[in-house]
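Below, in structure tokens: the form predicted alone, a single chain.
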């Protein structure tokens, strides 16, 4: 789709992801063994023909820059369009970080104005799904909508935006939920398509009034005067906004049917290419229902777990219901369950570490326990 560009927010809910985002943005959070969360939205955009993409960072974005480089792995290193990364303080000479989505968009209005595309897709980097935006664009044009938002069915509705959708797909009300639903409900994904001139007009008006919240001060306040429609995404959608959701959505991917929905439904998911050797399974290795990336060395017991690249599991170690990120080293006779270890974590011999499904233990990057 040559007539659509995207602005992607790389930072969201860092405070709720605690130890996992001390050194990185939400968008660069490792996911599913060898990917980062941003890989999914970038791949969706590229597979949909969207090649002008602005990424707005906020803090700790060095790992993000290292991962995406110039966008080569997604075919975005090009003369026209491609990736543009904006630091968090582009709005004023005092170099203060932006406080809201409205301020951030206002700060890059020149970039949006100069883009050749007429339509803009506002997206977040904390969602994993596989989707072709062509259907969204076609529905937006056919309905003559002012704004079209992506939604999906979920019973996880706490801290979510819930649009009230009529039979024709038009949104009549937008509410914020603080509780779980007893049955699946339509949940907004914070992905919005609109004409870029409308976006700039709405953002400038809100900014001049000192308004900060995109959803409350723009969408909710103008629900009656703007034609806002919903477009439902089928298949697997994972919104990562705290430790519990990160663990819960990661564990879902141990089911083949879920992996098929995420990786085989529309297009390929691309990531930064690394040259790693195959995983070595030694004599004492026993692995059940787990995702194992390349470059690992396993000589212990692994069950219902996700191992990223370069993980070493020594003889006698037991890793169950856990996520071990890149270059983790679990030494012999250690028992782990319901644990998330960040990159380069070493767990010494004879340790017993156990959390709970609803409260996994997180061990920060480069830590030795």
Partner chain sequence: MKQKKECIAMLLAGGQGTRLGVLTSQVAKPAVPFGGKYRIIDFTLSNTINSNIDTIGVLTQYQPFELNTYIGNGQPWDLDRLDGGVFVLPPFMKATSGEWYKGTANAIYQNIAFIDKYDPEYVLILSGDHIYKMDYSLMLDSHKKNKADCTIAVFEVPIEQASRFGIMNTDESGRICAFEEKPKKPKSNKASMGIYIFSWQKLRTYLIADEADKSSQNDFGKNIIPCMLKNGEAMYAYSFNGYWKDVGTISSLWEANMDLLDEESGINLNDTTWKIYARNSAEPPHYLGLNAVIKNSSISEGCEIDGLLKNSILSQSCTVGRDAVIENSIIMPGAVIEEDAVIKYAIVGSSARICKGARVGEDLAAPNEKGEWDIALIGPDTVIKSGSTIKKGEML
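Quantities reported herein were computed from a predicted structural model and do not represent experimental measurements. Numbering follows the first chain given and starts at 1.
Another form exists, predicted in complex with the partner chain; not displayed. Remarks below refer to it.
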For this session: Check each of 274, 78, 170, 99 and return the one that places a heavy atom within 4.5 angstroms of the partner chain in the model of the complex.
Result: 274
Problem set entry | Proximity to the partner chain in the model of the complex, single hit among 209, 114, 144, 256 (heavy atom within 4.5 Å) | 256
Seminar exercise, completed: Only one of 104 to 112, 187 to 195, 235 to 243, 277 to 285 has residues with a heavy atom within 4.5 Å of the partner chain in the model of the complex, and that stretch is 277 to 285
Exercise. Any of the heavy atoms of residue 329 lying within 4.5 Å of the partner chain in the model of the complex?
Worked result: no
For this session: Report yes if any heavy atom of residue 292 sits within 4.5 Å of a heavy atom of the partner chain in the model of the complex; otherwise report no.
Result: yes
For this session: Answer yes if any heavy atom of residue 61 is within 4.5 Å of a heavy atom of the partner chain in the model of the complex; otherwise answer no.
Result: no
Exercise. Would residue 268 count as a contact of the partner chain in the model of the complex, using a 4.5 angstroms cut-off between non-hydrogen atoms?
Worked result: yes
